[in-house]
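Form predicted alone, single chain, as structure tokens, below.
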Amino acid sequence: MNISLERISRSFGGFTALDDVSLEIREGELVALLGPSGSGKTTLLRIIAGLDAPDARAGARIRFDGAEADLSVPGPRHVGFVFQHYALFRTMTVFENIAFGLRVKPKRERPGEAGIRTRVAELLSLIQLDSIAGRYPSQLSGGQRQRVALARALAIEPRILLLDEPFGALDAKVRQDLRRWLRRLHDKMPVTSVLVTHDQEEALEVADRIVVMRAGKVEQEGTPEEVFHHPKTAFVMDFLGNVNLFHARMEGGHTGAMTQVRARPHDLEVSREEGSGPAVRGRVTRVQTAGAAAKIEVATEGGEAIMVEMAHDRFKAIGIAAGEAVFVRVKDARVFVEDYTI
């Protein structure tokens, strides 16, 4: 299902949660709404779901496959909604939790008992929890509970799946496993998915497209590659991973103005020799080799901290250790005309 949002705003008292947001979500996409707390992403998700209504204003519209929704009356829109804290029924088994949405359908739409059992069995197989259908939520791990919550949302065969920070309450390893599982699951299901998250790595890994939000507005949207490698604003670059900030002077004629230059840790190189070209002098304060890349922390003569990342084979070839005097050069950087404040 295609989702079209036009000029959506929402205020709560004096707080503006959404400010004239327009967005197109294509059929079959998995779109991540990414941003810090208070950026408006969950409010937007609730409005898509029909759990909240936008402010009444000229031009505000929501369309599903071209059909305009009634914004004056929030109501169900045949979506599957997955919450961060599972919201499973504690007194129901795994089987009955998944079957719940089917059992409460209007009588004319409700499948028979055999149909319900067949559908639940299919979903239990899909989430790989066939053997625990008779257990209760208190007997499950966090990852298992979240998979049951996803299966329950999918039981009614929604055309839209909405996920509000679904893995936020889980530990890092389980989160990593589940987001890969979610991506595979999405590829198997004919559903349009919208994921709310503040986890940059999660959005970059699972989404077809990322919508970065700040202060109720869309800051940038695009593929994970576009928003990460070609950020349009300083905020987007800073939010999508570690960034080193350098203060430099931009020369123009006989005058110069101070500006901020941003570079990611892997876009820096460190050496013992000064060499040619601009370089920042400093001293290595820490070396960390655990992980996918070697990380070198450098304290500049001005007291600023710089993080450099490099491949392990390159680090071994250089052999730099804590305490050494070094020079840091920028291989690639971004300068933004307008900066931002938090």
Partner chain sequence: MAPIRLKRYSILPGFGLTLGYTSLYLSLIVLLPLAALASGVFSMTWAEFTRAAFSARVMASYKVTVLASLAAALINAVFGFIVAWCLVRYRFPGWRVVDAIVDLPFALPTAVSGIVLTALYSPGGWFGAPLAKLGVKVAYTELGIVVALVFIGLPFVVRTVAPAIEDLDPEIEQAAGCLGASRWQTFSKVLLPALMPALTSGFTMAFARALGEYGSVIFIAGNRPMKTEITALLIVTKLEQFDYKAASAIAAVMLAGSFALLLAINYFEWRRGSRHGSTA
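Residue numbers count along the first chain shown, from 1. Keep in mind that what you see is a predicted model, and the values were worked out from it rather than measured.
Below: the form predicted in complex with the partner chain, not depicted.
Participant: Which pick from Phe95, Tyr86, Phe167, Phe239 sits with a heavy atom within 4.5 Å of the partner chain in the predicted bound form?
Facilitator: Going through each option in turn, the one that passes is Tyr86.
Participant: Considering non-hydrogen atoms and a 4.5 Å limit, which listed residue (Arg117, His266, Arg77, His186) is close to the partner chain in the predicted bound form?
Facilitator: So the residue touching the partner chain in the predicted bound form, by this definition, is Arg77.
Participant: So if I measure heavy atom distances to the partner chain in the predicted bound form, which of the stretches 220-228, 189-197, 96-104, 167-175 falls within 4.5 Å?
Facilitator: The contacting stretch here is 96-104.
Participant: Indicate whether the partner chain has at least one heavy atom within 4.5 Å of a heavy atom of Arg145 in the predicted bound form.
Facilitator: Although the partner chain is absent here, Arg145 would touch it in the predicted bound form, with heavy atoms inside 4.5 Å.
Participant: Hey, in the predicted bound form, does Ile132 get a heavy atom within 4.5 angstroms of the partner chain?
Facilitator: Ile132: no, not in contact with the partner chain in the predicted bound form.
Participant: When the contact criterion is heavy atoms within 4.5 Å, does Phe246 count as touching the partner chain in the predicted bound form?
Facilitator: Taking the distances in the predicted bound form, the answer for Phe246 is no, it never comes within 4.5 Å of the partner chain.
Participant: Classify Gln128 as contacting or not contacting the partner chain in the predicted bound form by the rule of any non-hydrogen atom within 4.5 angstroms, answering yes or no.
Facilitator: Result no; Gln128 lies far from the partner chain in the predicted bound form.
Participant: Between the partner chain and Leu51, Thr91 and Tyr136, in the predicted bound form, does every residue show a non-hydrogen atom at 4.5 Å or closer?
Facilitator: Every listed residue reaches the partner chain in the predicted bound form, so yes.
Participant: Give, in sequence order, every residue of 150-168 that has a heavy atom within 4.5 Å of the partner chain in the predicted bound form, or say none if there are no such residues.
Facilitator: Read in sequence order, the residues that approach the partner chain (within 4.5 Å, in the predicted bound form) are Arg152, Ala153, Ile156.
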